[in-house]
Every structure is written in structure tokens, then in C-alpha cells.
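Before any questions on how it binds or moves, here is one chain, the form predicted alone, in C-alpha cells.
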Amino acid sequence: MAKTKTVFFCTECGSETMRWQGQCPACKEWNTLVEAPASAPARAKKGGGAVASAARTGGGAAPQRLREVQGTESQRWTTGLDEFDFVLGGGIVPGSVVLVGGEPGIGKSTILLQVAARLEAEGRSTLYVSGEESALQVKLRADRLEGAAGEVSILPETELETILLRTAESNPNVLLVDSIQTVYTPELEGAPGNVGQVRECAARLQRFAKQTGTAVFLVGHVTKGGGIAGPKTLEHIVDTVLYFEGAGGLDNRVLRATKNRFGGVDEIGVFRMTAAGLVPVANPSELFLGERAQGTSGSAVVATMEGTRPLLVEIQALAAKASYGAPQRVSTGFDPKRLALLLAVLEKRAGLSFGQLDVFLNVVGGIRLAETAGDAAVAVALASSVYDRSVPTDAVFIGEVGLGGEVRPVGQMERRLAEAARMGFRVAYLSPRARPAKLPAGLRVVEVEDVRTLTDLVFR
């Protein structure tokens, strides 16, 4: 029996090698090469290679100048879920491929079933391919959701060829595949979910979407590291990558766009998980500040930007005497290395000592604070915990902190301040160079040059 030919794919960049190596020769990442069966090459016809064969059959597309391309931008299909449409950039683009990733049980299947139900209500046909659940299981979930999902067509199938055949027969506007890791093609050896199967199935679904104009949604599982399982090329193939985020035990869900060829990147939509499904939250700032305690030390508010959306988020800090030899540094929703940097700056430039203190930092609501505009709020929250004095409840802090202790300006200050004023805040601490020409009504700006000045003005 002939041995099956195998190759090695890099899960980070998707490059292919004939033998295993500790380091990928393309992207230089370590331990990312995995073995997968190679697809059998099509037999070339006798009497010529690929070029001659193409010349005989006349297949393939011919080059043309851009001015000769006909057509206009297609109108997007809205789902009625405002937060979902906002993250996509205004709605679903016909012929696009969207990858939805997230941890198990966070709501990926629920949101797509809701989207399918609303599209059917708007007259857009859908086909929901379930590779993990039976038709009865999907129906039982649909019965619990708000809105009738009875008109959604369901196909419990995992073989790619059957999925494409049934989709071509029914010709839906939107195809939803749950999940891409369960789909396989018999043309490749190996179990569903391996690198070769995932890459080939996603590529063929992408070609089908572009050729027919059907919008395709793919559900993707995540690894322990939080990335989409399978090769990194899976994210390169699709047009949009959406991640579902949410802290354990909380009803809040954040849908974040990490890639979008038809809209802004890093846009977020906020949902609340209920018994009737995911409900869009029209005012996320009010949701994240709703449970804020009054008069408690270690709490500060920052006006951050998530894509084009301003968002007010509470940052909580706790500095307590270390119980063991080495002080702990724990952060949730904030970069631990950035926290270590800010602790060093506060100790050197503001005279606050953290050498014998455990430090815990939390961004409330399961939000992940990635931009540096939250540095000033983190510094104030830490100082508030050290002094054990509360921060004024109507104050918001915006600014990046440099290694010299200086408070630096950040972008889109007008939108941040407008959101703070809308939510009832009256004082904003920021860099003098960040002061906008026009301030929102009822909001006063306090200019601070460095973190020492900032802590002195707030606590002394």
C-alpha cells in the first residue's frame, strides 16, 4: 500500500514545507509546523503541461484594465441588529466571507441564528449548515430566541461537496456554516479540523461566495491562546473577522472586528445575553458605568475609543501589603507589561512606592483596554488605592503617560469629551496640548503636565 504523501503547514503564516522544522522558515515562529496530508495533484493531460492545457481549454479569467470593469458597489443587507450591522460597517456585503470566532458557549451560534431569522423576515433567504448539532437541537434553541426562526432552512451536514451542492440548489442569499472545523472534503485525507481540511474547505467556500454573490458566515473555534483554531491563512482568506468576547459570569458580550475589508477595524458591538437571545445595547457607556460604586478608593474612569465609538470605562485598582515575598502584579483587561511600566513611572516620577505592595488592576465589564489613552486613569486609580482616597465621581482622565512621567495627548479628543459630557461628567484631566478648541457644554478641563501634578491636583 502506497504511503500517503504529507506536508507541513505553519499555523501562523500558512507556508508549506516538505519536512518538519522547529522554526518556520517563512515567519520565523517556533513550533508552529503541523503535519497534514497533501492534496492529490490533478493528472496533467498527455502532450502538454498546465500552460498548454489552459491554452487548449481557454479557461480562467482574462486580464482587463480597471476602467473597463463594470458594476457598482452592492447595497448592503441590514439584519435589524443595530450593533451587529455597525460592527460589519453598515450591514452584510453580498459575496463576502465573515469568520465569527469566540470561546465555547459565548453566543456564536445564537447570534448567527438570530441574524438568519431576521434576514428571513426581511425577505432574504438563508441556509444554516449545522455540523455540530442535529436539526432538532437547533430548533429547540430557535424556539427560545426572540423572533421567529421557523423559516430558516437548516442542513445538518459536514461534507463540503454536499453542502455546496445543496446551497447551489437552494441559492440562498446568506450561507451560515457552524462550524468550519467540522467541515471536510473526501478529496483530502485526514480528520475534519486538521490544517489541510480547514484551509481547503474555507478556500472553496470563499470561491463559491465570490462566484455566486452568496454571503458566507463561518463559525470558528478558538485555541487556548485565544486565536482561531486552524491555520492563520483562515483569517487571511476571509473578508471580515469578528471575535466574541465576554468575561465569565457576566451577561455582557462584546463583538469586535479585528479585520474588515468593508468597514472600520476594531469596531465593537455590545450585547447582553438573555433567555431570549442576544440583545443589542444602545448605550454601552451607561452599561459599563451602571454598577460603579460611589466613594470607593481605587476607581477612575477613562474615555476610550473602540474604533470610531467613544466609550466610558471604569478602571479599578487595588494596592495592598504583600503577604508573600514577591509582590503580585495581576491585571484583567489591561496589558501586564504596560502595568509594570506605569508602576515604575509612578514610583520614580510621583514618589509612590509599590515595592512591598500587591497590585491588582481590573477593567470593568470584560472590556479589553488596548490603547494608551487609559494610562492616566490607571495611574489615578493606583494612586487612589495607595492613598485610600476616592476620586471625584464626576471626573474623567484621558492621556498617555510617558517614561518621563509626562502626560501626552491622544487623538479624537473632541469625541471623547462629548461622550463624557453626555454621561454627566463635569471635569476632564488631560494634557494641555490635547485641549480642543471647543469644549462641550458643562465640561471643565484641567490641564496636567505630568503624573505628579495629576496626583497632587486630585488627592492633595
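As the structure is a computational prediction, the values presented were derived from the model and not from experiment. When you see a residue number, it is the position in the sequence shown, counting from 1.
Below, we refer to the form predicted together with thymidine-5'-diphosphate (TYD), which is not included among the displayed structures.
- Although the partner is absent here, residue 186 sits far enough away that none of its heavy atoms falls within 4.5 Å of thymidine-5'-diphosphate (TYD) in the predicted bound form.
- Not displayed here, thymidine-5'-diphosphate (TYD) is kept clear of residue 236 by more than 4.5 Å at the level of heavy atoms in the predicted bound form.
- Residue contact with thymidine-5'-diphosphate (TYD) in the predicted bound form: residue 110 places a heavy atom within 4.5 Å of it.
- Although the partner is absent here, residue 337 sits far enough away that none of its heavy atoms falls within 4.5 Å of thymidine-5'-diphosphate (TYD) in the predicted bound form.
- Of the stretches 300-308, 96-104, 363-371, 279-287, only 96-104 has residues with a heavy atom within 4.5 Å of thymidine-5'-diphosphate (TYD) in the predicted bound form.
- Using a 4.5 Å heavy atom cutoff, 145, 221 and 274 all lie near thymidine-5'-diphosphate (TYD) in the predicted bound form.
- 141 is the sole member of 207, 261, 348, 141 with a non-hydrogen atom within 4.5 Å of thymidine-5'-diphosphate (TYD) in the predicted bound form.
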